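Listed next as structure tokens is one chain, alone, in the form predicted alone.
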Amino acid sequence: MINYFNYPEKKNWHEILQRPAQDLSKLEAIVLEVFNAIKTERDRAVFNYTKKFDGVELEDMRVTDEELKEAEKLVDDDLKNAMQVAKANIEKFHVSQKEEVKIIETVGGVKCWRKNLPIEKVGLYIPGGTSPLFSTVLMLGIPAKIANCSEIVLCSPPNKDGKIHPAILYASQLIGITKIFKIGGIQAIGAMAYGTETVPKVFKIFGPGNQYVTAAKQLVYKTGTAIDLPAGPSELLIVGDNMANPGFIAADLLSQAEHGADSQVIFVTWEKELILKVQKKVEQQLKELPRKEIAQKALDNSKFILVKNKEDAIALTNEYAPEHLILAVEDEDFFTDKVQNAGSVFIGNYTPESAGDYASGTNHTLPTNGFAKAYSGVSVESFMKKITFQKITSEGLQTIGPIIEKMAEAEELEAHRRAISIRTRSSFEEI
């Protein structure tokens, strides 16, 4: 059941644009229990919780060379070729993000610069439940490799046979990830955050997951392990006018809705007849989907919103700050110029959101739940840290020294002031 809103007043937008509620606090006790066990029992705790949560009793959590060879045989050649093309496109786009060091002389004798360094140890979490997200291996592993992270750890849940989906393993091989573990959920996040006898401790964890994984990532962030970005259910907002194809819009809405029952899709237009056409196409196409029950539940969280004009459409879009934004509009420049808050933007009738999910080159790990107002999607920079450097000559310090002294004196930090005066008012030999 899609929710419809006709010409809502701006004062009501915030309420209308609410996401499906997620109360992760209720999961914190479970997460803490698993984490405390991992800190003390380490590998043993991981094995116990894998048996409890996934119903699998493992003898070894590591993926072996034999399993990698087996997985390569199980992936058909067409899929291998598709992954290779996607890998090339993702690499091409992400390599362009690397920055050169620029040395800036702010005043004579004062040079400052910033250097990008890789995060040494990173962990990648790849869901493997209702949909094995091997594409996420490419989206996270490729920028990690480009950034030159020295250690990349990958965790993905095992199936009932104790194996990771072969496409996930093939994608890992394709980009050169060798430390792969058959661990899912809370125990995977805990193992990477705190380390075990087998799983290395990492400095930053990336990747999507269910509510348990989301709660686990939030908790390790509080205790000193960085995460990629705040996560939530997937979402898509489409803005369309009469140049849009109703069937394309319906297909895009459903492609996002099938991610999960808590996903949210929104269609915004100022063309009244277009809403009816899109609704009809959604109903037709939904019947043909294998995951139609999941998509239908997501549609219950979704909204079709009729606004007065394109100005209201872009204002409402920026208020929502969607993870994915499709602009199926005639006046593309108007919208692209005024987009302020969105994770990734798809322009025109022939740019489906699925392209960004898989093979166009951009990254599909994006901020959700309105965090696009302050966060960017994953990039090469996400796997790097920036260190600033500066070097000042004696002449340079003579120039800016009085300025620093005056500011330190005003803040009543005498030692700060003296650190300057001891250099500017004495010769090197006198000190």
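Residue numbers here begin at 1 and follow the sequence given. Owing to the predicted nature of the structure, the values given are computational and were not obtained by experimental measurement.
Just so you know, the form predicted in complex with a further copy of the same chain exists too; it's not on screen, but the next bit is about it.
Only one segment in the set 71-79, 264-272, 176-184, 304-312 has residues whose heavy atoms sit within 4.5 Å of a further copy of the same chain in the model of the complex; it is 71-79. When contacts are defined as a non-hydrogen atom within 4.5 Å, none of 47, 67 and 166 contacts a further copy of the same chain in the model of the complex. Contact with a further copy of the same chain in the model of the complex, defined as a heavy atom within 4.5 Å, holds for exactly one of 27, 37, 400, 56, namely 400. Put simply, residue 203 is close to a further copy of the same chain in the model of the complex: some heavy atom of it is within 4.5 Å.
Using a 4.5 angstroms limit between non-hydrogen atoms, residue 226 touches a further copy of the same chain in the model of the complex. Although the partner is absent here, residue 281 lies within 4.5 Å of a further copy of the same chain in the model of the complex, judged by heavy atoms. Contact between residue 120 and a further copy of the same chain in the model of the complex is found at the 4.5 Å heavy atom cutoff.
If you take 396-412 and check each residue for a heavy atom within 4.5 Å of a further copy of the same chain in the model of the complex, you get 397, 400, 403, 404, 406, 407, 408, 410, 411, 412, in sequence order.
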